[in-house]
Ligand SMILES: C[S@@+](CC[C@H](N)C(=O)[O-])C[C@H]1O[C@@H](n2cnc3c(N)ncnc32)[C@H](O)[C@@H]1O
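Shown here is one chain on its own, the form predicted alone, set out as structure tokens.
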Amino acid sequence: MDNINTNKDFWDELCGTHLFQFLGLKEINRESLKIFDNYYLNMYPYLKKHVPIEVLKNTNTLEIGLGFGTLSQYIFENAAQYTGIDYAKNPVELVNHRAEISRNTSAKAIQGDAKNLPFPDSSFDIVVSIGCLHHTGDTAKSVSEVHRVLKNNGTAIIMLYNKNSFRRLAANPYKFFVAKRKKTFKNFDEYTRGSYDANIKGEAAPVVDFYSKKEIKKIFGAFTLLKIKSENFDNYHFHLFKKEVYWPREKFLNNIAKIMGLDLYITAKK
């Protein structure tokens, strides 16, 4: 099978499984999801700023790409109506489980393709997609679909990977040089994909695309009032003058991450 066809199988392993296990959580239930969600939202403190409650209020919102459903639950707790869509089955089932245990009857998730959204034109007030469209194999087509299903004056809130991040331009070339001697990955492309998204077995995501701000402006050409913000950074652990040094990512979130962060958050109006 080619990369696109293996995407569905890859993403059936919930994005966030590594973190769930790191937290020592075993079973998915109300209590474990609350622990996971609190940790996740603390790890990405800027996320709610890009998807604010006041924007969601009284809206019919679509989310594309569901993962572990932390953002999904935040959205359906604040929007009037919520629809989630994911290429893979397990994220859909988890979000529907979240809605069920929350007794939220205005939220539902379905399986579908971001490149061919199964909704009529002008269906939603808000479309949110954080870290998904760069995995579709055709980000431009997916963005076109977002534009199509948005109502006039509707808002798209999208996150795509930054082609010009510190990780991709500086850290990964060095790390790949080291990893290459261990023959862990076939080539730099596979290593880079794995450094962003890998499953429990350590296999790299089949499709991972990266974009510059210039490229994003072109892809979002049909939108107006485009805003692009750089966010997110890595922890760094290294040796300097025979001393072990640890720089937590929190030190970078309000400075270097704003210039060379891992992610580009895009807010666009139709």
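Keep in mind the model is a prediction, meaning the values are calculated, not measured. Residue positions are given as counts along the sequence shown, with the first one as 1.
The discussion below concerns the form predicted in complex with the named molecule, not included here.
Checking Asp197, Glu93, Glu77, Glu190 against the named molecule in the predicted bound form, a heavy atom within 4.5 Å turns up for just one residue: Asp197.
In plain terms, the part of the chain that comes close to the named molecule in the predicted bound form, with a heavy atom within 4.5 Å, is 126 to 134 out of 144 to 152, 126 to 134, 96 to 104, 166 to 174.
Not displayed here, the named molecule is approached by Tyr40 to within 4.5 Å at the level of heavy atoms in the predicted bound form. Looking at Leu62, you'd find every heavy atom of it more than 4.5 angstroms from the named molecule in the predicted bound form.
The named molecule is not shown here, but in the predicted bound form it comes within 4.5 Å of a heavy atom of Lys115. Although the partner is absent here, Leu262 lies well away from the named molecule in the predicted bound form, with no heavy atom inside 4.5 Å.
Heavy atoms closer than or equal to 4.5 Å to the named molecule in the predicted bound form belong, across 65 to 84, to the residues Gly65, Leu66, Gly67, ordered by sequence position.
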